[in-house]
Every structure is written in C-alpha cells, then in structure tokens.
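Next comes just one chain, in structure tokens: the form predicted on its own.
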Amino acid sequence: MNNIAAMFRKNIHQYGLYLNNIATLFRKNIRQYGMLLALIVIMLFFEIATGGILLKPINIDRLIQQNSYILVLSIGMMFCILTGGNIDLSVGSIVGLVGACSAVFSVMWGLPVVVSIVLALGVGILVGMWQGYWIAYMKIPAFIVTLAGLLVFRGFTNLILVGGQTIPLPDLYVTIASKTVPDFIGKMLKTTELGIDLTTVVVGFLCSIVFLFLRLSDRKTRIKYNLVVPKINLFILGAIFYMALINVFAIWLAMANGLLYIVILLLVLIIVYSFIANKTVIGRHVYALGGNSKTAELSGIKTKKVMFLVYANMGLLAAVAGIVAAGRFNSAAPTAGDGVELDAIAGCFIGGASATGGIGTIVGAMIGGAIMGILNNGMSIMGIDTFWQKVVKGMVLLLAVAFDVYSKTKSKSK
C-alpha cells in the first residue's frame, strides 16, 4: 500500500495536467462535446425507460431508416444557417415535390429509373437556384422566400398527384432507402448461419482503420504548421474511443439486417460536405459570410454568389432527401416531407450551429439530428402522446439555442 501511495504522490502532478488538458479541450469545444454528451445521456435514459428496446440492433436499423432523409436535409440546412442564421422552410415541400416528379418520370412517362432519379435531382437543383436568386440577388429575406416556397411547392405537389393520389415507385427507390448490401463475405466463407452480417463487420473495421489514418494525417499536418494539437495520450484515447464506436455501430447493424445502402450514402455525404466546409475556398467563404457579411464583401468574397450556391445546394440535398423519403414509404404521396424542415432546422441548432451564423459543423448537425431522432423514437416506444412529444422537442431546441447565446455572452464578458 505504501508503494502504491508513493507512486500516486509522485505522479499526481502529471495526472493533474492530464485532467486539466481534458478540461481545457472540453471548454474550447464545448458546443460539440456538450451535444455529444447530451446524445449519450439521452440514449442511456431512453434505453432504461424503454426496457432495453432503444438500443436493440433491429431498432437501431429502424431508427436510421426513419431519420435518414432528415439527416440529409440537416447537412444542407447547416450551410444555410452558417451564412448568417438563415433557414430554408421549403425543404419539406421540395421533398414532396421531388417524390411527385419521380412518379411522373418513372411511372407515368415510363422513363428508366436511373434517368428518373437524375431528372428528379435536377428539379431540386432548379428549385434551389430559383430561391437562391431571390435571396442572393433580389435581397429578399430567406425566411420570406422559403416560406413562399413551402406553399408554392406543396401546391405543385398536389397538382401533380391529381386528386391527392399516392403512386407506388420502382424498387430502386426502396433499395436506396431501406435495403442492405448483400453479405458476399459471409456467403464466401459460408458463415451466414451465424446470424451476423460478416461484410458489415469487415466494412466497419476497415472504416475505423481509415478513420485512424485520417486522424494521424491531420495531426501530422497540424504539427507541421505549428498548430495546437492534443497531447499524444489524449489523442490515443480519443482515437480508441471513436474506433470502438465505429466498430460497435457496425456490429449492431450486422446483428440486425446488415449494411444499409442509405448508411453508405450518408457517410459519403458527411465526408464530402465536411471536406467542402473545412478544406475548400467556398467553405471558408460560407463561414466568413456568416461571421460578418460586410467584412466578407469588403475582403473580396462574392457574397451573392456564395449565398446563391448555398441555396442551390440545399435544393440538391432536398432532392436527395425526397428520393430517400419516397423509397422509405415506397410511394410518392402529397403529404411526403410535411413538417420535416422543422426537425432538420432543430437538429442543426441542437448540434451546435449558432443562431447568428458562422459557427457549426456537419458532424454537429448529425449529432443534433440523431438527438431529434432518438427523442422521436424513444417517446414513441414509451407511448407518449404526440402533443407531449412536440412540447419536449420544442423545449430541447429552446435550451440548445439558449446555451449557444449564454456561451457567447460569457466568452465576450471575459
């Protein structure tokens, strides 16, 4: 015991430094880590409250399918918010419109499914460009333009689906939204009778290795340019945590139905748009526009062009979400996407986006979207009335924005 006590006293200063480094890292990234901690707490709460149903593999699979198109919308919405706290109220209506156009292209006109999907994406881009023109070049507030879009595009959706009819769509739409990648590794090794999708497990492991490589590469680059990096001990702990999380998630999917195509699509979108936001000129311009639009314009940034591109991109991602939603419900319906814009907006703000723009990440939007999805799913499993569910979600959103305002006020007062 004396030896143990002596060793602890000898290293107490070092342990104190480690704890101080962790605390400093948390304070500097309080929005991101705070919301991640909130996500973990909410998951644990509903896991206990639902008697272990929430984190069952089959429910995780269902949760992803239910919220996938909202997460797609959240990626585009984050860019809108970054430009200065702007939002797009029309995305739910665009989701419905794209589904209706898909039905026209593939069912009524008999076009090949792939062509129909490409044309539907084109519709979304055109809609986004239309709204971007009024917002960027005519200087009409985004709130007004997209509120008008909410009404106009929902009206067109009902006109296209004459009489409010629901039209079934081809199988490819369903595959994108709900089907899984075949377990070709399990079939090759003849392990399919084990009840776990081996391909998903292998893909998860490979993703964790790629993640580690990217983290190491980023750390090396930051050191090269004399930027601040976490201590090696903290870096290793963080890498182990996230790699374990990736592999556990893959195993959970493998125990359910396997690797969903929509998960692959989401991962691609997250990686691509995170790269755009953090590593490209247009990404830096979006952040600069949200930070201070006057300064950004005086520094030579074409603010009108940036705003136009952000809303054109929102139209594209709303079209992707529309295709996923149509596949999820296996049909084009006049009510498709009704109200989903609220969950997408809430997910961004809960995930750390600033109400005044210039602050936010794609990963944060995904965390916020996951919180909204778990709230919906958990309260539904518990049988909580839908009216009370709205109360809870509204309060969570209010508290998230209040936290953002409080943290900004506190930082300014120092």
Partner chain sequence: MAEKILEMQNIRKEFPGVVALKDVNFSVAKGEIHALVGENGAGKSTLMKVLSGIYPFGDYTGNIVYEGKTCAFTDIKSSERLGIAIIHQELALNPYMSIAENIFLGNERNSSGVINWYETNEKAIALMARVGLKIDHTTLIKDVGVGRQQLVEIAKALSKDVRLLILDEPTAALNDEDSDHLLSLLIELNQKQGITCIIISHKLNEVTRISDKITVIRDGSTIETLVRGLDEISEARIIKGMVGREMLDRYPKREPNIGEIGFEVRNWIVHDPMDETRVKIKNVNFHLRKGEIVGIAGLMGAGRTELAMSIFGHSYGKHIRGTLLKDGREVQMTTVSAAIDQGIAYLTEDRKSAGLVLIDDIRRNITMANLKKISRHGVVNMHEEVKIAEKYRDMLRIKSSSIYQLAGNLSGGNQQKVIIAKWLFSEPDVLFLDEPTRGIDVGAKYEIYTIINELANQGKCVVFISSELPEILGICDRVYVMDEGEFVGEMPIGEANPESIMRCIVANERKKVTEDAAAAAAGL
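The term rigid core refers to the maximal set of C-alpha atoms that superpose within 1.5 Å between the two forms. These numbers come from a predicted model, not from an experiment. Numbering follows the first chain given and starts at 1.
Just so it is clear, the following notes concern the form predicted in complex with the partner chain, a form of the same protein that is not shown.
> Residues T221, K279 and T295 are flagged as a possible site; in the predicted complex, is every one of them within 4.5 Å of the partner chain by some non-hydrogen atom?
Checked in the predicted complex: all three residues contact the partner chain.
> Given a 4.5 Å cut-off on heavy atoms, tell me which of 200-208, 154-162, 318-326, 225-233 is the interface stretch with the partner chain in the predicted complex.
This holds for exactly one stretch, 225-233.
> Applying a 4.5 Å heavy atom distance criterion, does G300 contact the partner chain in the predicted complex?
G300: contacts the partner chain in the predicted complex.
> If we define contact as a non-hydrogen atom of the residue within 4.5 angstroms of the partner, is A148 a contact of the partner chain in the predicted complex?
So A148 does not count as contacting the partner chain.
> If we define contact as a non-hydrogen atom of the residue within 4.5 angstroms of the partner, is L266 a contact of the partner chain in the predicted complex?
No, no contact at 4.5 Å.
> Give a yes or no for Y242: in the predicted complex, does one of its heavy atoms lie within 4.5 Å of a heavy atom belonging to the partner chain?
It does not: once the partner chain is placed as it appears in the predicted complex, Y242 has no heavy atom within 4.5 Å of it.
> Among the candidate residues I359, I384, V363, A49, which is the single one with a non-hydrogen atom no more than 4.5 Å from the partner chain in the predicted complex?
The residue in contact is I359.
> Which listed residue (W252, W134, Y287, Y261) meets the criterion of a heavy atom within 4.5 Å of the partner chain in the predicted complex?
It is Y287.
> Superposing on the rigid core, is the Cα displacement of M138 between this form and the one not shown 2 Å or more?
No: M138 shifts by under 2 Å between this form and the one not shown.
> Rigid core aligned, does the Cα position of I264 differ by 2 Å or more between this form and the one not shown?
No, the C-alpha position differs by under 2 Å between this form and the one not shown.
> Taking the rigid core as reference, does the Cα of L227 move 2 Å or more between this form and the one not shown?
Result for L227: yes, a 2 Å-plus shift.
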